[in-house]
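Single chain ahead, written as C-alpha cells, the form predicted alone.
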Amino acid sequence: MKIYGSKELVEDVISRDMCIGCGACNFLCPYFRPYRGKVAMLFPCDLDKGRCWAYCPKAEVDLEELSKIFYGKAYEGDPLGSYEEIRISRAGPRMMAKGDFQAGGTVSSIVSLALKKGYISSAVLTDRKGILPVPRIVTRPEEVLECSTSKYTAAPTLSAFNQAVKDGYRNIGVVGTPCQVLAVAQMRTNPMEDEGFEDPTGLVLGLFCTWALDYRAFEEFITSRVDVSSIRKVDIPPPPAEIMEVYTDGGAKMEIPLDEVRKLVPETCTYCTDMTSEFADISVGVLEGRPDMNTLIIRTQRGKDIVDEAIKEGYLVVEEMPKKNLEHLRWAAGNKKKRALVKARDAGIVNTSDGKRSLLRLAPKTLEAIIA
C-alpha cells in the first residue's frame, strides 16, 4: 500500500470532515494536536509520507491485508468480524466491592486484572473533565475505576497511546472504539517499515460503537439544558429505550430522546463499517435487555488467556450468550456495515483505481456480497 503524507491527510480527511478525532496522528510530530474534539495542523509539513497518514483509520484502510496479518485469512465481511467465542460477562466478586460500574464492568475488570498480573505495563484509557473526554495513561489497577464511565463524544485517546510509546512503555493496554482499534491495528503492522520495530501493545480491548458525538456540538446542546459541572454520568441504555440519560449531582436524572442526540453525530461516523471493534483482542458492549451485563467477544489467544485468568481470579463472571441476543447483534452490526459500504461506494471512496486514494479496500466479491 502506498503511504502518503500530511498534505494528503488534510485533503482527504481533515478538510472533508472525515476526521473522527481519534488521536492517531497526534504527538507523532510537532504538527498535529487535538483540541476540543477536533484535530488541528499547527505547522505545514513537507514529508511525502508519514505515520499520520499510515495510522489514520480514514485513509486507505486495507481490510483484506489487516485480516490476513491478524487472523491469517481473507476478510470475509462477517458482521462481527473474526472471533474465537462470544459470551456474556460482568465484573466478578473481586471487583464488585471496589465501586459502581457503567453496565457490567467487564472492561474495568479485565484492565485491572491485566495490570495486576503484568500482562500489560500500562493502559491507555479515556477519563473526562466535565463532559470533555481526556486521554490518560494509567499504571495501577486502582486508577482504572477513575475512568470507568462511558463517554459518548469522540475522543483523542490514541494521542496518549502515541505518548506512551514515545515515553518507552511496552506491553501497553489500550481501550478504544472501533475507529481507534482500527488505527492501532495499522500501527501494529509497522506500515513505515521501521527497523527493529516491536509491537508495543499488550492488549487491545475494543468497545462496541454505533456512533460518537461531535464534542463541540454536544457541549452546546447539553449546556442549554443542564449545568455541565453538575453532570456525574451520561448513559445510553440499550434498545428499545431510545433515550440518553444524564445524571447530575444529588441523583437527579434527565432523559433526552435519542432522535435529538443523533443530530450531533458527525458525518464521518456514517462511513464506519465496524460496530464491534473487529481488530481488537477482546471486544465488549452492553447486552441488550440486561444492562447489568456485557457482550464479550474473544478474538485472539492473548485475549482468551487474559479472560481465562480474570475468571479464575474472580475478576470476571461469564455466562452463555443467549441465541436471540446474538442474532440481533449480528443483524445490527451487519446493517451498519452494509449502510457504510453502500455510502462509501456511492461516494466513490471504496476500492478506487487509477491512482485515486480510497477510504477502504476489500475484495470486490466481498464488497458485493455485503451490500447485496
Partner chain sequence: MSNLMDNRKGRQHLLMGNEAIARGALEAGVKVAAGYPGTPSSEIVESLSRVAKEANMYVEWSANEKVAMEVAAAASFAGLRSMCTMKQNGVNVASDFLLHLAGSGTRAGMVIVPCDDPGALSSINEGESRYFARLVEIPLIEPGDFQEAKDMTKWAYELSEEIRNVVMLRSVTRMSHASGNVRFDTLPRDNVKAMFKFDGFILDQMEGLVISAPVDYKHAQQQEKIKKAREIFEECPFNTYTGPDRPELLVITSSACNLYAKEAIEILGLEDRVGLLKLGTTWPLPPNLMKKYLSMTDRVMVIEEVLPFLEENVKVIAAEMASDIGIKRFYGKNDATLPMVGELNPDIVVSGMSRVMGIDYKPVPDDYAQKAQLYATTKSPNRELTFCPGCPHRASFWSIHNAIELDGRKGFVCGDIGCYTMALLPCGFSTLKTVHAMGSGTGLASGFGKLGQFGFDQPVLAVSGDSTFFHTTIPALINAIHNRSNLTLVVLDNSGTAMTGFQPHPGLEKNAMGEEVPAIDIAGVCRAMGARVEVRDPFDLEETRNTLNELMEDEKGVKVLVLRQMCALSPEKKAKKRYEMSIDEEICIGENCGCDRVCTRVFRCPGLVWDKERKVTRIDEVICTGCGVCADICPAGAIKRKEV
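Small disclaimer: the values here were computed from a predicted structure and weren't measured. Residue numbers count along the first chain shown, from 1.
Another form exists, predicted together with the partner chain; not displayed. Remarks below refer to it.
Though the partner chain is absent from this view, in the model of the complex it lies within 4.5 Å of a heavy atom of just one residue from Ile311, Leu66, Leu326, Cys29, which is Cys29.
Only one of the listed residues (Met321, Ala332, Cys45, Val342) places a non-hydrogen atom within 4.5 angstroms of the partner chain in the model of the complex, and that residue is Cys45. The putative spot formed by Lys117, Val144 and Arg302 is not touched by the partner chain in the model of the complex; no residue has a non-hydrogen atom within 4.5 angstroms of it. Stretch 34-42 is the answer when you ask which of 66-74, 303-311, 334-342, 34-42 has residues with heavy atoms within 4.5 Å of the partner chain in the model of the complex.
Contact check for Arg51: a heavy atom falls within 4.5 Å of the partner chain in the model of the complex. Among residues of the shown chain, Lys166 is one whose heavy atoms approach the partner chain to within 4.5 Å in the model of the complex. By the criterion of a heavy atom within 4.5 Å, Met192 is counted among the residues contacting the partner chain in the model of the complex. For Arg128, no non-hydrogen atom is located within 4.5 Å of the partner chain in the model of the complex, even though that partner is not displayed.
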